[in-house]
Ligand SMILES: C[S@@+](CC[C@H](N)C(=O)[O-])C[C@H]1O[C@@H](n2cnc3c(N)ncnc32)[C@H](O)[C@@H]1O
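What follows is one chain in structure tokens, specifically the form predicted alone.
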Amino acid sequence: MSQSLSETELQFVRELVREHSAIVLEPKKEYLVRARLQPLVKEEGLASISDLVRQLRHTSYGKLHRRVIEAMTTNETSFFRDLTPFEALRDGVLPELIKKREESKCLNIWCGASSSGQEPYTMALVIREALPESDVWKIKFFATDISTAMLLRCQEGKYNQMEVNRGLPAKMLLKYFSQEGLSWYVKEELRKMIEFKTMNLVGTWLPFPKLDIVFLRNVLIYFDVETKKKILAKIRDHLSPDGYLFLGGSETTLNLDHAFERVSICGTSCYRLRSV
């Protein structure tokens, strides 16, 4: 049953989410707040979203507040989502970096906002395909998300038939996944490549090494301009001089951080640091 929210309650949720994640919920998003919070209301044994907001107001910041924030983050994803960035990774970026790193045999990669894991696992299998001898390389691959629930899903590497049907070629499915009943599990060779970590993009960052590849796709769109600038500045500090940043198709560094320049690789745009 649909539950209405007062303007005051909606404003409280918006401010809570913005303060602790910097995600901006538009004022007219009551339907989204209702849809995301109703399952949480049921799990907590509460009568209504209003009861949930009342409980949030009268308790100090803790687990319930974090669950609300996680519920309001968008977790839409799929394997090989948008396709062209992964073609650019496979056919352009990886061959170049593999050649440049031949002596050190080191690659450092970060996938931000990993959601339920389809994007980092897609990146991992692309790397395995492009670098068959990846076991002799020192690959540090970090995947982060603000949601602990999503990270648990990532670590388990379990997907249903509908999820693997969305974008994952049958050949890749059979090669890198094993089937158990109605579920598909990512094989150990891929799971062991990735370190899944909790990280808030507007909080304290992990002590990354210099990163060669950064995927932060379809994330900046949820932040205001100043937050976007701060995140890009941090990426700039962590990115190798010849590293690559991939953003979503509707995202850009233009008018946000002039240290980056856009380059076209295999029909898609990504970003590099400008040479001094």
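Throughout, we count residues from 1 along the sequence that is shown. This structure is a prediction, so every number in the text was calculated from the model and none was measured.
Missing here is the form predicted in complex with the named molecule; even so, the following discussion is about that form.
Put simply, Ser115 is close to the named molecule in the model of the complex: some heavy atom of it is within 4.5 Å. Taking the partner from elsewhere, Arg81 is found to have a heavy atom lying within 4.5 Å of the named molecule in the model of the complex. Contact between Ser50 and the named molecule in the model of the complex is not found at the 4.5 Å heavy atom cutoff. When the named molecule is considered in the model of the complex, Thr73 lines it closely, a heavy atom lying within 4.5 Å.
Among Val93, Ala124, Ile109, Ile146, the residue placing a heavy atom within 4.5 Å of the named molecule in the model of the complex is Ile146. The contact with the named molecule in the model of the complex, taken as any heavy atom within 4.5 Å, belongs to Val219 out of Leu56, Val68, Leu211, Val219. Only one segment in the set 131-139, 156-164, 198-206, 100-108 has residues whose heavy atoms sit within 4.5 Å of the named molecule in the model of the complex; it is 198-206.
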